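Below you will find one chain, with nothing else, as structure tokens; this is the form predicted on its own, and questions on how it binds or moves follow later.
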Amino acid sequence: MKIGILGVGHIGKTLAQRLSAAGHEVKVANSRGPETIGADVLASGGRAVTAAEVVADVDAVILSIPFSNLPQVAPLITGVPADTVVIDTSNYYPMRDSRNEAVDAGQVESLWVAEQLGRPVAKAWNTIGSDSLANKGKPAGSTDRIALPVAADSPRDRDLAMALVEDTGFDAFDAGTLAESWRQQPGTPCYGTDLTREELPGALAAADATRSPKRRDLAVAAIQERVGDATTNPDAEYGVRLSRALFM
């Protein structure tokens, strides 16, 4: 499959490496130009290109950029053919970036993203921490393999996104439509908790739309207190323990 990944931070880098290693033809881009993309990102066979090139002639575009930057890439996505699947990996954190004020506590993030981009999206890889994504993938059939929810309005989009999730080393779980994707937003029981396929359905069902934003903000405050700023990620196991304590 031909895949374009826009954004090569912690998540985008791992996706580029894993999907290339799985045999996909992967192009990657960032906002600063292909010459700024490190060799480690391309270690499994990905190719660095410009942002305009990364969305051209691909089966799927993966957006792995900060939530607040998504409206800025809308013009780039406008020309992407309708049959190209656009997959968003981002999350909304109001305490980290005040520019996200367009999304209120009761709004479904993925619906807001689709509105900003002017086209349907699939939601995937947003519930797992960057360290877990990089280090906890396992072969299909492993009993303790982490499961990740995938939401999309189009069954075709959802199936394609689920297939790619499987190729990165995780069980893909059909989480339904974008309207239901609030169940996989920060602060919900499946967010950052590294659950298995057996555990994930119950976590999605237990999500509370009223309480999850409050829990999300508590987690951000705790992480800020531990690491000293709003952008540094905590160590992986601390993040999982904190998420399980606050969200489940």
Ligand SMILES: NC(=O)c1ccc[n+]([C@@H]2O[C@H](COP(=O)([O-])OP(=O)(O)OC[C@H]3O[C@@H](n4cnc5c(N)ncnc54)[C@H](OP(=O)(O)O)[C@@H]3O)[C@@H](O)[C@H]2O)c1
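The shown structure was predicted, so the numbers you read here are calculated from the model rather than taken from an experiment. Start at 1 with the first residue shown and count on from there.
Separately, the form predicted in complex with this ligand exists; it is not shown, and the next lines address it.
Asks: Which one, 142, 107, 130, 154, lies within 4.5 Å of this ligand in the predicted complex by heavy atoms?
Replies: Checked against the cut-off, the match is 130.
Asks: Which of 86-94, 174-182, 159-167, 143-151 has heavy atoms within 4.5 Å of this ligand in the predicted complex?
Replies: Stretch 86-94 is the one.
Asks: Should residue 213 be classed as touching this ligand in the predicted complex when contacts are defined as heavy atoms within 4.5 Å?
Replies: Contact with this ligand, no.
Asks: Within a 4.5 Å heavy atom cut-off, is residue 246 in contact with this ligand in the predicted complex?
Replies: Flag for residue 246 set to no.
Asks: Can residue 6 be called a contact residue for this ligand in the predicted complex at 4.5 Å between heavy atoms?
Replies: Result yes; residue 6 sits at the interface with this ligand in the predicted complex.
Asks: Going by a heavy atom distance of 4.5 Å, is residue 10 a contact of this ligand in the predicted complex?
Replies: Yes.
Asks: Any residue of 141-165 with a heavy atom within 4.5 Å of this ligand in the predicted complex counts; write them all down in order.
Replies: Residues within 4.5 Å: none in this stretch.
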